[in-house]
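Next up: just one chain, as C-alpha cells, the form predicted alone.
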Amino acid sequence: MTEAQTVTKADWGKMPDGKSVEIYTLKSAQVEARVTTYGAHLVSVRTADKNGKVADIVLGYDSLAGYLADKSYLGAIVGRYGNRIAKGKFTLEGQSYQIPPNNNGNALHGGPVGFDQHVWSAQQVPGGVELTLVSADGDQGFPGTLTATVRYTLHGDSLRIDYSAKTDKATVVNLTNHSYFNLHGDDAGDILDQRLTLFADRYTPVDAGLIPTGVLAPVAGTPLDFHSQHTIGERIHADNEQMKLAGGYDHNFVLNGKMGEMHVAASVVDPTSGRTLTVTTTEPGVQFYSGNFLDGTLTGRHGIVYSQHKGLCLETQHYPDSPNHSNFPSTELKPGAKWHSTTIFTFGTE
C-alpha cells in the first residue's frame, strides 16, 4: 500500500439493540470509498470529473438511520441469494425449502431479513476492509450455516470486491453489491443520458413477476442490445414486452466472458462530466437495473430526493432463480467447497 493509500475506521452509531456500527474510509489518490459494517453497504464513492471536480457517484445516506429505514438496498451486499427466487421455493438434494416471499410473491435478495440488514464483523486489511457474517442454518429458510466474507480493497482507480463463502450443509448462494451509480454525481440529474455498453449476446427474459422464463434469448434486435454504446434513456420506453414488464431495464444479461475468469461486464460513460465506470467480474451474469422503482419517497445525502432513474445498478451475479433452472449455472454450494467471486469497479474520465 502506497503512502497515498489509507484506511481509517470510525464509529457510525448504534443499532436499536445497542450493537455498534463502524464505517471504514478507503482513500487513494483517485478515489475515496466508504464502507459500513451495517449490511456491508458501500456508502460512498467519491471521484473527480474531467475538470477535477469531486462528487459522490453512488446513491446513499448521510447517517446510519437512512440505511436502517432503506427499502431499496442502496449500496448493500445482498444475500444469501441476491435477486429473485420464484415463490421463494426451491429443491436441493431432494429436500424442499421455502424462503418467505417479500416481492410480489417471490423471494428477493435473501428474503425479508437479508444480509443487508445485519451488522457484519470487520477487520482492516491492506488497502481495505474485510467483513464477515455467519448466517445460521434455517436463516430465512435457507439450509446450512453459511459463513460469508466480503473484502473491499482500493487499488488506485479501482475498487475491488472479493466474495467468499463456505457452508456445513448443501445450500445455495448468490452474493452481489447493490450500489446505484450516477456518474453525474448523486446530486445532479438522472442516468438516462449516460452511455452504456454491456458485453453480453444474450439475456434471460422474464415473466410478469420478473422471474426468468428459463430461455437464454439473443439481445440482437431488441432494446436490450448494448453491444455498441447506447444512452440508457434512448429505448427505455420502447414498445417491447420485456421493457413494459420491468418498467425499464431490470434484466439479467448473460456475459460473454468465461465464468470464473475475469472478464468485462459493462462500461458506462457520462458525456457531461467525462466520468467513466468499467465493471469486470468472474460472474456469469450482470443485472442491469435502471432505477425504475425509485419513486421519490427516499431522501438521500444532501437532502436529495431519489426519484425514478436517479441511479443505475450493475449487479454481477449468477442468474435469478437459478435453483429452479437446471440449464442455468448452478448456485449450489456443498460442505468442504469454497465459493469465491470477484468484481472490480474501475473509475476514470475521458
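On a predicted model such as this, the values are computed, not experimentally measured, just so you know. Residue numbers run from 1 along the displayed sequence.
Omitted from view is the form predicted together with alpha-D-galactopyranose, to which the following refers.
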{"item": "Candidate stretches 321-329, 66-74, 36-44, 52-60 - the one whose heavy atoms come within 4.5 Å of alpha-D-galactopyranose in the model of the complex", "value": "66-74"}
{"item": "Contact of Leu196 with alpha-D-galactopyranose in the model of the complex (heavy atom, 4.5 Å)", "value": "no"}
{"item": "alpha-D-galactopyranose contact at Tyr180 in the model of the complex, heavy atom, 4.5 Å", "value": "yes"}
{"item": "Proximity of Glu283 to alpha-D-galactopyranose in the model of the complex, heavy atoms at 4.5 Å", "value": "no"}
{"item": "Contact test in the model of the complex: Arg84 vs alpha-D-galactopyranose, heavy atoms, 4.5 Å", "value": "yes"}
{"item": "Option touching alpha-D-galactopyranose, based on a heavy atom within 4.5 Å in the model of the complex, out of Asp116, Asp139, Asp186, Asp250", "value": "Asp250"}
{"item": "Residue among Leu277, Leu210, Leu255, Ala122 with a heavy atom within 4.5 Å of alpha-D-galactopyranose in the model of the complex", "value": "Leu210"}
{"item": "Residues in 288-304 close to alpha-D-galactopyranose in the model of the complex, defined by a heavy atom within 4.5 Å, in order", "value": "Tyr289, Phe293"}
